[in-house]
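Before any questions on binding or motion, here is one chain by itself as structure tokens, the form predicted alone.
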Amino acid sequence: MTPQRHTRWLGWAAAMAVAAMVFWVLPPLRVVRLSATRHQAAGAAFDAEAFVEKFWRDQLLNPDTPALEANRLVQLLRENPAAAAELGRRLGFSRNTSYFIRGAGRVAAVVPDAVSLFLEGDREEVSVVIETGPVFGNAIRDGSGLLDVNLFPNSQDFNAISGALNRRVEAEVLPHLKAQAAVGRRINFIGGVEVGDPAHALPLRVVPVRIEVP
């Protein structure tokens, strides 16, 4: 190999080495799994806390949002469970029927994890219990009937709404109830209820979105 040819070969080798290093550090093309991309996009696109902030303010607390009278639901569950089921909402293959109700009652008992109520006009038995511990389930999301599951292709987003709603109840509604509840005191409430077996539906386990103590 002539000196000139040897020099030219060294130059090409050095150029290729530099190019290889650049492509290693700054690759022009990155291969990413499509499923991962979709997951990241969905996560970035949906903020359950922000969604619930607006949903809570504009719809759940809106006085025009329909809510079934608690007395009526209790009466139907006692006398005609089938008719009660027709007034509720059942999501997909869920075995629970959900309701969004409003009512007023007198505090019958206060224990560390619950407040029991006699509904006004109904002294037959305690028919409403508001548990004051951690909140689980989909009573508010499904009972309100305001959210269409078909508008949330990602089921994780739809489930995240329930979690955000329940956390809001724990943080904003239940502390107010626990501070104000006393035997004999009148309580106004609006909230969601899930009923599994109608034969054992009472007392209603209400998850409140609003508590008023006159």
Partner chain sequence: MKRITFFQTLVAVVAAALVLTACKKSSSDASPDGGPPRIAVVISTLNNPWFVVLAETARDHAKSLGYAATVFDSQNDPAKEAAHFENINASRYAAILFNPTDADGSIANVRKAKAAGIPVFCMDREINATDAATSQILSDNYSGCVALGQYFVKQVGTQGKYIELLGLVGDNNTWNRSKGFHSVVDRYPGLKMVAQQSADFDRARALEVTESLLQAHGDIDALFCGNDAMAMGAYQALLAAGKADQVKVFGFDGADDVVRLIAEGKIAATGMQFPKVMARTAAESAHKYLMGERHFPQKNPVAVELVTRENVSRYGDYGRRDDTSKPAQ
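Just so you know, these numbers come straight off a predicted model, no measurement behind them. Numbering follows the first chain given and starts at 1.
Quick note: we don't show the form predicted in complex with its partner chain, though the next part is all about it.
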Position in contact with its partner chain when the complex is considered in the model of the complex, options 180, 65, 188, 154, heavy atoms within 4.5 Å:
154
Just give me the single entry in 69, 170, 47, 58 that has a non-hydrogen atom within 4.5 angstroms of its partner chain in the model of the complex.
170
Would all three of 116, 127 and 184 be in contact with its partner chain in the model of the complex, where contact means some heavy atom lies within 4.5 Å?
no
May I ask you to state whether residue 106 is within 4.5 Å of its partner chain in the model of the complex, using heavy atom distances?
no
Residue 112: heavy atom within 4.5 Å of its partner chain in the model of the complex?
no
Is the gap between residue 90 and its partner chain in the model of the complex 4.5 Å or less for some heavy atom pair?
yes
Would you check, heavy atoms only and a 4.5 Å threshold, whether residue 134 touches its partner chain in the model of the complex?
yes
Do any residues of 93 to 110 have a non-hydrogen atom within 4.5 angstroms of its partner chain in the model of the complex? If so, which ones, in sequence order?
93, 94, 95
